[in-house]
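One chain comes next, on its own, written as structure tokens: the form predicted on its own.
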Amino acid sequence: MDPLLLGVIVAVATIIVLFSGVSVALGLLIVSTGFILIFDGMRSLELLPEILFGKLDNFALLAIPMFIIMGSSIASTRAGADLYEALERWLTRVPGGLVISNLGACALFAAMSGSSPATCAAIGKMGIPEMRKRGYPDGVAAGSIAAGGTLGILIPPSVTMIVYGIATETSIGRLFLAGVIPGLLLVLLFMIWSLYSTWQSGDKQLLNAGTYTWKQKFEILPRVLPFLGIIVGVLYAMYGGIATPSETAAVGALLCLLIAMIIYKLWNPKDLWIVLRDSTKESVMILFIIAAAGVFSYMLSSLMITQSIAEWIGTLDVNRWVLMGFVMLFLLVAGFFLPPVAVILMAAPILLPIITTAGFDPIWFAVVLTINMEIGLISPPVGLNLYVINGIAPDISLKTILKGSLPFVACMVIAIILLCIFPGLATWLPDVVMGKAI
């Protein structure tokens, strides 16, 4: 059978299996095993356990559960509320400072936790009622939190970037650095839109928060500065050549647990057990997807599907930006239905040779891909953040939340366009800190 036709059949079969309701990892294993059996026979199954476990035999994977523990220990405390309150007190004099406080808190909490739903829940529980009370439109209040929560998969340390690095054998350190400037750019675009929308449709007399004394401003800092110090310390240790990403993740996880225990009195063994239990569940889920995606990639390669697609793309007489446009459209649609980790693991091994052949930088592509995945988190039908916000504020309809988040989707599209025009936004910092890639 023609490999390209076979690739279409595999794609259709994968979509059908994943939409049947099975987990992503199990669905990939079912599809992979089925096609390997049909085309390579029973003897080929002997390789599957070796491929499955071999994909997990990677020291860099240790960073994933460590960063997840780091995020879970923060998410289980009042760190999000304190972070929000600290920014609110310091930005109270800024017109529309409350919405900026929420976006800033989302960006910092997302960087610490790496979880979009956790960020939406932690900041939204305090931020949304407070913004509505002060006269902000429901769409701005809900949409800003939903969009701000997506920043966790871009701003380092990011589990999604680790997964991309492992899937494509790209430097995780470079990927982390590449996400810094685009992440700050997105925060800036979000803030600009939020301020504009509040001035247009909000009561200008209610856009300023309350007044706080200098004592009140400084007394909140001891609760949040240790967590921010951990982020700075983790990044310094990683880029200062002191430790590998996995080692810094382990130290960061330990420090976050200690701070949660000391500052937030997380001494109860049941609470600590919940943190470790939830971290283990999420880590196993991601690692299982990674292992299953390894088998899926092997199946595509053994049936010559990957090579044939890359060869076919290479023969197309189209502008490389037209090609990138189709790639972005494919990723956007995939992100509507699948979590970012699954999309990256399934698509990155196929797309990487295509985009490198077309002359695109794989580090730059990782950032563009990640922002594309962020759009999926606040877009129907699966937009997870929309449902989290609806759970926090059930009296705000999904339609209002979606309408409020659409301008932030436009901000993400603008960020992607700016990255296409100025790729140095993603590649400059890694090149300066770590030297140009060979």
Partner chain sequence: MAGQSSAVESRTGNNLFLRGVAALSTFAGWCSAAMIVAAVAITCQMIFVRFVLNQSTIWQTEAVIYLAIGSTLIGLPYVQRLRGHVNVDLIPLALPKTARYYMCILTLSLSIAMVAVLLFYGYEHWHLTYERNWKSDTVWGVRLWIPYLALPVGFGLFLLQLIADLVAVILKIDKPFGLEDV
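In this text, all values refer to a predicted model and were calculated from it rather than measured experimentally. Residue numbers count along the first chain shown, from 1. Just so we're on the same page, rigid core means the largest C-alpha set that superposes within 1.5 Å between forms.
This next part talks about the form predicted in complex with the partner chain, which is not shown.
Against the partner chain in the predicted bound form, the set Leu83, Ile153 and Ile371 makes no contact: no member has a heavy atom within 4.5 Å. Put simply, of Trp364, Tyr212, Tyr264, Phe288 only one has a heavy atom within 4.5 Å of the partner chain in the predicted bound form, and it is Phe288. Contact annotation: Ile421 falls outside 4.5 Å of the partner chain in the predicted bound form, judged by heavy atom distances. When contacts are judged by a 4.5 Å heavy atom cut-off, Glu311 does not count as touching the partner chain in the predicted bound form. Contact annotation: Gly229 falls outside 4.5 Å of the partner chain in the predicted bound form, judged by heavy atom distances. Contact check for Leu29: a heavy atom falls within 4.5 Å of the partner chain in the predicted bound form. Across the options 220-228, 144-152, 270-278, 189-197, residues that bring heavy atoms within 4.5 Å of the partner chain in the predicted bound form belong to 270-278. Although the partner chain is not shown here, in the predicted bound form the stretch 120-146 places heavy atoms of just one residue, Ala121, within 4.5 Å of it.
Relative to the superposed core, Gly124 undergoes a C-alpha shift of no less than 2 Å between this form and the one not shown.
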